[in-house]
Structures are given as structure tokens and as C-alpha cells.
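Before any questions on binding or motion, here is one chain by itself as C-alpha cells, the form predicted on its own.
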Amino acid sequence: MHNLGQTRSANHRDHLLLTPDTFIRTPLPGLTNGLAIVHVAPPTGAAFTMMTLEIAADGKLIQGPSQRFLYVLEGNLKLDEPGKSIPHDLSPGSYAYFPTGYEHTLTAVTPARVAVIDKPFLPLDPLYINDPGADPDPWFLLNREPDIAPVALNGDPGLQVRSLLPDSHIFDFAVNTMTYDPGAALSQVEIHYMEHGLLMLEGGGIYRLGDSWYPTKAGDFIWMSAYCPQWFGAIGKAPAKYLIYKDFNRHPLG
């Protein structure tokens, strides 16, 4: 059925809202028996790529051109590492980080959906490494989001944050989940030098981006450029939850 050109999606200089009715699926190098929905990429001005991969049973994904973070949205998968005889089992809420060039093969046991963030790594100047003997490069990690202890944002118990990457300056970006009780909201309009990629996982609410206000719900994707005014409030009878990326731990001059 035609929607007569209507959509909630919007594209502005400092932000992008993509709703599922406007998603386009495309093949991706390194992905077999699957398709990629590329939500944001450098042509927008973003310094990273964020995608949702839809993978058929027995479909596979191998390493990409940069460091990578992945988060399982739906389905069951197995992750093989070089030199390891037993694969890791991944299910919804599982996530992994791979340094640049880290060989791996992700195989879908059932049809699966996986959020993927790819970003060129910015090495940390040795001047800023606190432990002279520390490895200057980030390391592979595998975990589950429900196993991360939540922290109340600014002391508000209605807004819980789980930090999925280690608290280390070695990593040049952060990925969190943020969960809002019905009626909870950010305590301020945020304006800062970091950019964001955001995938709504559950529930919905109202997002202010720039001078526009958007109803948002599970399945929507948002990109926010540096210094884009941003604010979110949850609406509805169920919690709202999203997965959010930001560049982090680096001096603004590089």
C-alpha cells in the first residue's frame, strides 16, 4: 500500500532520523547470506558507520576494514576466533568488540539481526597512557549487556545506563544502553563536541534534535552530529531503551 510520500524519517545538516519504512538493504563485503541496512556512514559527515545486519541461518560475517563492535538484537549465533576450537554462543544482548584486523567468523544458527559499528581506530598518544607498560591497543572482549551493572544517570533511578566498553582511554569510542522508566527524561538539553549513533531497542518517546521534535519508537535510528542540541523523554506504559555510540577519550584536535 502506498504511503503517499509520508514518513517520519528526516535528514538535516546536524541530525538524521531513519524509520524502518525507509530502510534500504544492501549486500556487504564479508557478509554471506545476509543483507546490511547502513544507517549512517561517512557521506553524512559521520566519522563511523553503524548498520543492522539481517543474517539468514548459516549466514556468516567476517572481520571488516576497521575496529568493530557488534550487539545481537535477535537470534542465536556462534563466534569463532582463530586458534580456538570451541566457538562462543551469542544470543540477544550478547556483544563483542574486535580490534582492527582481529580475525573472527560470526555464523548465524538461526535467522538473526545484529547491530554493527565500524570505526577507524585513533591511537592514543603514549604521552597519555598512565601505565608505561600497558598495551597501547584495545583488546578483544565478549560480554552480555544484562550482566553489566546499571548506573543511575545523574542520580536519577528512572534512567539507567550500562557502559558496554571498558573504562579505559585506550578505547576511542563508547557504547552504552540507556533505559528510561515511563515518564523519565534527560535532565538537560545536551550540546557537545561528540557525535552519536542511536538505535531504539524498546519502547518510545520524544527526541529533540536541533530545533525539531520527533516521536520515536523501537526500530528507529538516529544520528546526531557534534553540537546538535539533543534531548529525550520516554512516553508510554513501558520503559524506553536504546543503544548509543559516541566518539570518546580523544582530544578534539586528534
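Being a predicted model, the structure only gives us computed values, none of them experimental. Note that residue numbering follows the sequence shown and begins at 1.
The form predicted together with a small molecule exists for this protein as well; it is not shown, and the discussion that follows is about that form.
In plain terms, the part of the chain that comes close to the small molecule in the predicted bound form, with a heavy atom within 4.5 Å, is 189 to 197 out of 189 to 197, 210 to 218, 46 to 54, 23 to 31. Interface residue among Met178, Val72, Ala184, Ile117 relative to the small molecule in the predicted bound form, by the heavy atom within 4.5 Å criterion: Met178. In the predicted bound form, the small molecule lies farther than 4.5 Å from every heavy atom of Lys241. When the small molecule is considered in the predicted bound form, Met224 lines it closely, a heavy atom lying within 4.5 Å.
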